[in-house]
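One chain comes next, on its own, written out as structure tokens in the form predicted alone.
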């Protein structure tokens, strides 16, 4: 009997060790950034396409104050309330001391400089598809923005969701850098896919999540309950969003619908960002949205 207990203990130890290895935070090899030269103009495009200010500017910030990424906005979810951190250029309370590799680790792997898992309220499940050139350009642009010394507030999450170690298992299940719509596309549709699936992280709100908080990719952009429990976020598939490509592009520019209504709720923040993209990028988003499947199966 004792031998059985010893054997079980060894098996349990090996399984636990293997689990720790499989779920440890992943990082980007610094060599992946070799030779990449930051482009500030492109970094600004990435900044707005990725919606950085929508989450990380102070609550109620407007106009130029939106460039002060002091954090503090609260996001209610079924798992608790997440509070956006300070990502300003402040070296102590922000990310002023981060390298481009640190930013790549955060965006692509959901890993902090101290090698901890970030919660997926930070949409790295989408950002994992970002191009490395865009990472270094975004890093350079962020360094040009104002510093702010406001400390980041802690998240308000109870047990067991406050166990960061378990997030390694979540990543094994749901962190997939492959394209959701993976088929031959035109150059414009590919650009739209990149803006929607990666930088714009549209699926994070417009796709239903399962009980563990992972996006149900078989229902890609088909709409979802609002995480705060109030209302429903609409679907963007062609069978639900029947606007023309021109209508979609205009909405992303001005916030006006074909019926002369205007954007409301969280979409006001989205339009604040997409209005700063080029006409070509807004049209590329529209062209992508017109080819995504509306049935339960995703290509």
Partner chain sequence: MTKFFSFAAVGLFSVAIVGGALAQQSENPAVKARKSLMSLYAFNISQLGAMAKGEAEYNAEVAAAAANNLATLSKVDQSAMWPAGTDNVADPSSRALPAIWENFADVGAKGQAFAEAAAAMQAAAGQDLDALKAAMGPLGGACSACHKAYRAPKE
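Residue numbers count along the first chain shown, from 1. Bear in mind the structure is a predicted one, so any value in this text is a computation, not a measurement.
Absent from the display: the form predicted in complex with the partner chain. The rest refers to it.
- Of the residues given (67, 263, 27, 33), 263 alone sits with a heavy atom within 4.5 Å of the partner chain in the predicted bound form.
- At a distance of at most 4.5 angstroms from the partner chain in the predicted bound form, none of the three residues 44, 134 and 176 contributes a non-hydrogen atom.
- Among heavy atoms of residue 238, none comes within 4.5 Å of the partner chain in the predicted bound form.
- Using a 4.5 Å cutoff between non-hydrogen atoms, residue 258 counts as a contact of the partner chain in the predicted bound form.
- For the chain shown alone, residue 246 is a contact residue for the partner chain in the predicted bound form, at least one non-hydrogen atom being within 4.5 angstroms.
- Under a 4.5 angstroms non-hydrogen atom cutoff, the partner chain in the predicted bound form lacks residue 37 among its neighbouring residues.
- Along 24-45, a non-hydrogen atom within 4.5 Å of the partner chain in the predicted bound form is carried by no residue at all.
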